[in-house]
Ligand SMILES: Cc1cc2nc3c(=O)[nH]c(=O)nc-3n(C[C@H](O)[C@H](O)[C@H](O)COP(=O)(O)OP(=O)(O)OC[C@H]3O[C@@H](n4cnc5c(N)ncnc54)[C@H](O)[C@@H]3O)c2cc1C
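First comes one chain, alone, set out as structure tokens in the form predicted on its own.
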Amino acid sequence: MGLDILVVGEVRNSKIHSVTYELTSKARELAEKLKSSVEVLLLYSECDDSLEELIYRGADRVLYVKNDKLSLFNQEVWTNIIVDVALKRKPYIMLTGATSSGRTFFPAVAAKLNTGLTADCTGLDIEEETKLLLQTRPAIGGNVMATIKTPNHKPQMATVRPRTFRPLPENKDRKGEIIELKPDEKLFNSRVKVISFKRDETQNVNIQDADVVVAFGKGIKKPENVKYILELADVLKAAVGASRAAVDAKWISYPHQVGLSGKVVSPKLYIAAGISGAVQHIAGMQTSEYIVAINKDSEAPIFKVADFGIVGDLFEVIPELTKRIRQEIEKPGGKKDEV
């Protein structure tokens, strides 16, 4: 076994998901310390993006499997193919995004490869003396940061939260290989039959992909008041998030839930309105670039992680904030597509 790194990327809606570029960037950094190479694996039925873009942004080789049977995600098929590739390529480290699909197939891959897996990492590095992967993630409800090593089993595997790392700038002078893989047809067999796929129509932007998330909790008091959150989200072109309490109250559907039992998000801007800040919720959004908390309780735990705190009645703050932002966008010279 060499010291190569394999990034399992993601193609969503025929586009290479941004987390693939983010992980390729970090893998390039790790590979420089290991003096090894970076391979990116993509599984898809259709991809409109150029695979060379991954070469330009840090990959040495792009491996891809193109097959109509990959049009709908099937955890068993993905696991079969990725395990087969890993057994043949023998990577030292394997990384994928902590997306809904990555969290589904990567544990199964780790189990079949008889190795460990560190989930939801926010930091990766190489230990100089041992050349082991240092995998850092929030633990104990986000109260501490744990660094984990896998000394006895290989490959070392980790899922990484989207938006944790920045993609490398494009460098068209970089050269690399693009290799099509033809897995054995039996690997496409599955005990699970995908009947259909229904898109979540309650959100225009997937909450994990959004640059801006406006989230609410029980502080909005009743479902009729969700409209204030939706109006703010609309002017910000934001996704809508919610605390578990708000979802349990059936004020909004589960795909919007942020926290350890919901989605982990890392947007550029996270606005928490009427959310007290339970540790489970904070663990799901604390890596956001900027956090704005709005709560009338000045002692609410959410203020401890907020970059900006507004102590006040959200029913006064949110409409005024929405109004001010809309005025800023609509005034002459205002940026309608950028806040």
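Just so it is clear, the model here is predicted, and its values are computed rather than measured. We number the residues from 1 along the sequence you see.
Below, we turn to the form predicted in complex with this ligand, even though it does not appear here.
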Among Gly116, Pro167, Gly262, Pro183, which has at least one heavy atom within 4.5 Å of this ligand in the predicted complex? Gly262
Among Ala300, Ala306, Leu70, Leu51, which has at least one heavy atom within 4.5 Å of this ligand in the predicted complex? Ala300
Would this ligand in the predicted complex be within 4.5 angstroms of a non-hydrogen atom of every residue among Ser243, Gly277 and Gly312? yes
Just to confirm the contact call: exactly one of 277-285, 60-68, 28-36, 43-51 touches this ligand in the predicted complex at a 4.5 Å heavy atom cutoff, so which is it? 277-285
Looking in the predicted complex, any heavy atom of Arg89 within 4.5 Å of this ligand? no
Closest heavy atom of Lys221 to this ligand in the predicted complex, within 4.5 Å or not? yes
Closest heavy atom of Gly217 to this ligand in the predicted complex, within 4.5 Å or not? yes
Proximity of Val213 to this ligand in the predicted complex, heavy atoms at 4.5 Å: no
Counting only heavy atoms, which residues in 294-309 are within 4.5 Å of this ligand in the predicted complex? Ile294, Asn295, Lys296, Asp297, Ala300
